[in-house]
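Next up, structure tokens for two forms of one chain, structure 1 and then structure 2.
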Structure 1
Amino acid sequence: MVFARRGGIGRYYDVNGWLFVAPALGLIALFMVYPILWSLWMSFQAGRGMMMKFVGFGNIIRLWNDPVFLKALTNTMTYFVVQVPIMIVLALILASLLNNPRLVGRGIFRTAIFLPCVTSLVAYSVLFKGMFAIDGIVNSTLQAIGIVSSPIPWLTHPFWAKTLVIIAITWRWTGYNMIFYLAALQNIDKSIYEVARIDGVPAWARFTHITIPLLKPVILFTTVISTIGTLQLFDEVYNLTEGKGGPSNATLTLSLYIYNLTFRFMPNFGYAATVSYVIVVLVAVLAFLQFFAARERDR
């Protein structure tokens, strides 16, 4: 029955359809699919610059003995494990508070909290670097209020430098995630909340038993995007900590390490490609785990 139509209209449809999707698919194939496969091929080679030779799994073995790589991997995973949950919870709380129609001035609050996500990653990193300088406004304020007695070395101490990166990305992306939750909350029937309120369900329980379960698909979506984003962290770390990856590599991320391996040190495209595949594998595994966890809890 499919073939009966093929000769006439069916064929016409096909040709047109292909013409419409061809430019996009062609570009994606050329600038995404081809490079990612090339990168896989390169990860089995090593050498300086263009002089590459096949080394099989040599690069992968080198990964395990490379302290800088292990440091970058640990840092990246630390950002992921600490920052993503903080941001998701904060965005959820803010969204549910700002969804309350009786909250006066919620439009202004919303706009204020969205605002960071229109700045460039570079511009805000530069601002944060100034604000968190040793004699900068954050330290002088903290000292004036009496929270700390001596200034915190935000940019030069390994622990505080990591903390600063986490504060910075939380500032930039919380509002972005909040938008998704606000949108999803608008689609929830308000009478569910009314009924719960009349039944005497306290606000906190309404949040954990109604809001969170109903928002689960959106939470999954934002978690996956945030995971991909965190694993690619580059602009902030590069600009907050002078491109070096902080005091003794304390803020170095995988992306920054790949950049250094390729454009700062003696270029080794093969090894850099291997490190980049670590990110590919991490993204795939973590995204899969998140989908899996969401599905399991549905049962």
Structure 2
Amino acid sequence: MVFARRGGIGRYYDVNGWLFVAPALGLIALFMVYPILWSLWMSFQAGRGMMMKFVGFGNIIRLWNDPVFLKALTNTMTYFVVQVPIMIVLALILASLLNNPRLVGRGIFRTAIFLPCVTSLVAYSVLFKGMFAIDGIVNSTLQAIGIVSSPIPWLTHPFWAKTLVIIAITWRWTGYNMIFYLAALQNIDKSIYEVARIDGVPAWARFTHITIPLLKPVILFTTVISTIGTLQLFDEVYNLTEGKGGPSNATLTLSLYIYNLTFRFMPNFGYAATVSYVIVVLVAVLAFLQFFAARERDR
């Protein structure tokens, strides 16, 4: 047992715990803290490799004069505003349906809904590109039942391409949130519902006045992680648009723009680092607002 003096006569503390966690702290400092600090320093520079030069706040000023960045920021916020509420509400509805013990085949439905979360991203992207191609099964079905008269250009029209990305994200991650809601619903004391039912409280009122309040911590958690995931959106857009964010940057996100600035076109590591800190600020601000709003509702 190793002790070290903390201060004062006869006051010591055990350093064995610090010795035990020192390797982990060293790895965290090496692979997390150092890259964060280095990227922060890079955000005040421009160029790449040995050609980096200090520009101060020049990258920040450049952001607001960069139409591609503004387009990527607009797209990212659009995904956040549209997709996150859809995914949260849909996950809650599906969890409520699967929580019904009288539903036949609950296990099959639960597995089918959650399966996209663990599906290979490459296979999932190939599947979606095939399904939503001009001659794909989606357009063929919509034409067969008379909803559209001509194929929808899912991958070549700006509006429909953005809609396809939202559909793809929702399809892939709704099941992930649903599992949290389902676990929370199954942990609610059934006697609470029994008392409300005996008192004549209708089903909708039980859901809004009992279920929703008891699920607030889980709703907050899924909202925050969905917000973080959406603001960092990269994989779906990269695979569906072959890394271009097209058509005409209609689906370009901040993360994909960072990738392009770093590895494609004319690499600019400093400017890419600046854009990455825009995501950090957005995540921090939106997460704070969500926690603050949840705390205010609980008062």
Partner chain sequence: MKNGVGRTVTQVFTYGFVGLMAFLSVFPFIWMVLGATNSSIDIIKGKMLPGEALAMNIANFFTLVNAPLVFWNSAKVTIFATVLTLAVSSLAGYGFEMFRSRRRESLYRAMLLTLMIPFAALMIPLFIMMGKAGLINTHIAVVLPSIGSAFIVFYFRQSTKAFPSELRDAAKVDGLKEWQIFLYIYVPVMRSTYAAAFIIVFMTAWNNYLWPLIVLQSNETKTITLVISSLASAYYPDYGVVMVGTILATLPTLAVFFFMQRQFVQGMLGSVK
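Just so we're on the same page, residue numbers count up from 1 along structure 1's sequence. Remember, predicted model here, so these are calculated numbers, not experimental data. The term rigid core refers to the most C-alpha atoms you can superpose between the two forms while keeping them within 1.5 Å.
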### Query
Structure 1 or 2: which one is the form predicted on its own?
2
### Task
Using a superposition on the rigid core, decide whether the Cα position of Phe20 changes by 2 angstroms or more between structures 1 and 2.
yes
### Task
Once both forms sit on the same core, give the Cα displacement of Ile198 between structures 1 and 2 in angstrom.
2.5
